[in-house]
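One chain is shown next in structure tokens, namely the form predicted alone.
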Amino acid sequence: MQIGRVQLLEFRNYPTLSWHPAPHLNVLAGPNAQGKTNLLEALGFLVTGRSFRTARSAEIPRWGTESTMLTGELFQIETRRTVRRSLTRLEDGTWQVSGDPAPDWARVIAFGWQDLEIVNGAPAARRNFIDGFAARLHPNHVPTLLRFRQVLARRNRLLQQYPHDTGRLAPWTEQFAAVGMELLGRRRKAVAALQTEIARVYGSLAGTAAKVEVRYVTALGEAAEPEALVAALERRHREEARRGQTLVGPHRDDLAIEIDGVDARAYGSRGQQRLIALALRLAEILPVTEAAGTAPVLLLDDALSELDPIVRAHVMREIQAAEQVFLTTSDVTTANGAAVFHVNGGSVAPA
């Protein structure tokens, strides 16, 4: 997959922009706070209809405007699709996203500074990472996740309002177990796909034979049936009633990330953690390509910072094998063979 002509109107610091990126490696160079990350965000928004940086839609339109619009062309082999998206402020102050849905084969993988939280942040950051990856593999994962959150919220309310009424709680426990195990099953498959790729990708980036392992961690062990989750909830019912919340399930699971058997979160250096976070994103490429039938577009924000020159060279070699890449950097000397664009004050021009 590739992104062709892009047009922005009132997006972040871009009053207007018409840009034709190159079909393979695009390097967006320039000082900080000039719009490099904003442009990556626009590309991701065009394809997915949401920002990889923020959940607050009000932050996206240029300051003082009431709407923003994006238009772009998406390519897959001989298929071309024009996609338009808009974000409009409604009378009640909320913002509404509208426009054309992207084709089923359109995928993007974005890397940014916030991805360090996958390695050194709270478990919720790792669960969000797994769910985002699983959604790129299975389009029905997001509806399942939303349903799971709705059932979880309802079950928690019942635990708070009627902590000892097991009859009232039972139907929601059954729904929670059924949807929860469906969600857990897809997460396990996603982590297994990552594990297959992460060893090769991290070794290629780091230039070492270090063994990297990712492992899904759940209180349910290897269980795959809803009955196992129901039984686990029943064992914890007294404590759940006292605390008013569901204590077992996918919302409590985590992802273990280890280098040579050592917890990367606790013992990895910042450079190692950043490289693992990048490797995890790059490890998504092959599974997503196989699932979508076409390679995803890579949006890499400042992916080379805090890496030594040798590792930077390894990263450049790895990403140049991808289909289409957008890389922000302040060091254009690392961009041999790429189309380099200078970003300054909301304008984009060939360097």
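Throughout, we count residues from 1 along the sequence that is shown. Here the structure is a predicted model, which is why all the values come from computation and not from measurement.
Here the subject shifts to the form predicted in complex with a small molecule, a form of this protein not shown in this document.
Peer 1: Taking the small molecule as it sits in the predicted bound form, is R312 near enough to touch it, meaning that at least one heavy atom pair lies within 4.5 angstroms?
Peer 2: No - in the predicted bound form, heavy atoms of R312 and the small molecule never come within 4.5 Å of each other.
Peer 1: Quick check on I60: any heavy atom within 4.5 Å of the small molecule in the predicted bound form?
Peer 2: Result yes; I60 sits at the interface with the small molecule in the predicted bound form.
Peer 1: With a cut-off of 4.5 Å between heavy atoms, is N13 one of the residues that contacts the small molecule in the predicted bound form?
Peer 2: Within the cut-off, so yes.
Peer 1: Can any non-hydrogen atom of N32 be found within 4.5 angstroms of the small molecule in the predicted bound form?
Peer 2: N32 belongs to the contact set for the small molecule.
Peer 1: Have a look at 287-295, 303-311, 44-52, 24-32 and name the one stretch with heavy atoms inside 4.5 Å of the small molecule in the predicted bound form.
Peer 2: In the other structure, the partner sits against 24-32.
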